[in-house]
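A single chain, nothing else alongside it, follows as structure tokens in the form predicted on its own.
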């Protein structure tokens, strides 16, 4: 089963319907190529500093970095894109007060190596959250094409429909599809969907920029407070600050001194707190 793709002009509700049905969807050229090339200008130098490796799980032929949103304000437009936010609202919103950035980074796949074993984002919480196709989603993943993704250069491998499988079902190669898409596109998948890096059979690397959202009451996979230092975070858009974790989840999770912490860029609001009613023991 191929991965269904839509144009960036598609209605968010229609995109969500495909994502809910298949567990994965491609949005073609959600970000203009010229804009993505500017973003890659921030990312590429950091990737170039890394040695190729990654071990067996990553096929031995990758370079990777985390802390994506410490690299510059240009990257903020990826998670703050209205379509991205709409999908997160629809997928995660029903089961949390707020969602948060879960893990971020860039992965560059070079020639050689092997396919990554298929896995799920939800696996990080085993055995505390068990895979149940009928349970709500806890994680939503976005992989942007920093360069063209093709079957030949190791485009991400995914298994449409696997978000509804029992935990012990294994995918056959015939059930695996690749997220071939042009630069600036994004492939979106649910935390229960099987996926993995592909093998690059070309002489040029392919680069993906990723981030995931999780419900705000879960521990983040990547510690965003350390990944994006406060002196960088304070200059980011307020909504991105909130996604990094500078907000409380409802009344009781994440407050400071009985108040909800937020981080603002205005000099008068660097220590801004909003009173939260009902905190008491």
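Every value quoted in this text rests on a predicted model; they were computed, and no experiment measured them. Positions refer to the first chain, counted from 1.
We do not show the form predicted in complex with a small molecule, though everything after this point is about it.
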{"property": "Heavy atom within 4.5 Å of the small molecule in the predicted complex - residue from 78, 107, 159, 122", "result": "107"}
{"property": "Contacting member of 84, 91, 188, 197, with respect to the small molecule in the predicted complex [4.5 Å, heavy atom]", "result": "197"}
{"property": "Partner proximity in the predicted complex: residue 206 to the small molecule, non-hydrogen atom cutoff 4.5 Å", "result": "yes"}
{"property": "Partner contact for residue 143 in the predicted complex: the small molecule, 4.5 angstroms, heavy atom", "result": "yes"}
{"property": "Contact label in the predicted complex: residue 116 to the small molecule, heavy atom within 4.5 Å", "result": "yes"}
{"property": "Interface stretch in the predicted complex with the small molecule - options 163-171, 188-196, 131-139, 68-76, non-hydrogen atom within 4.5 Å", "result": "188-196"}
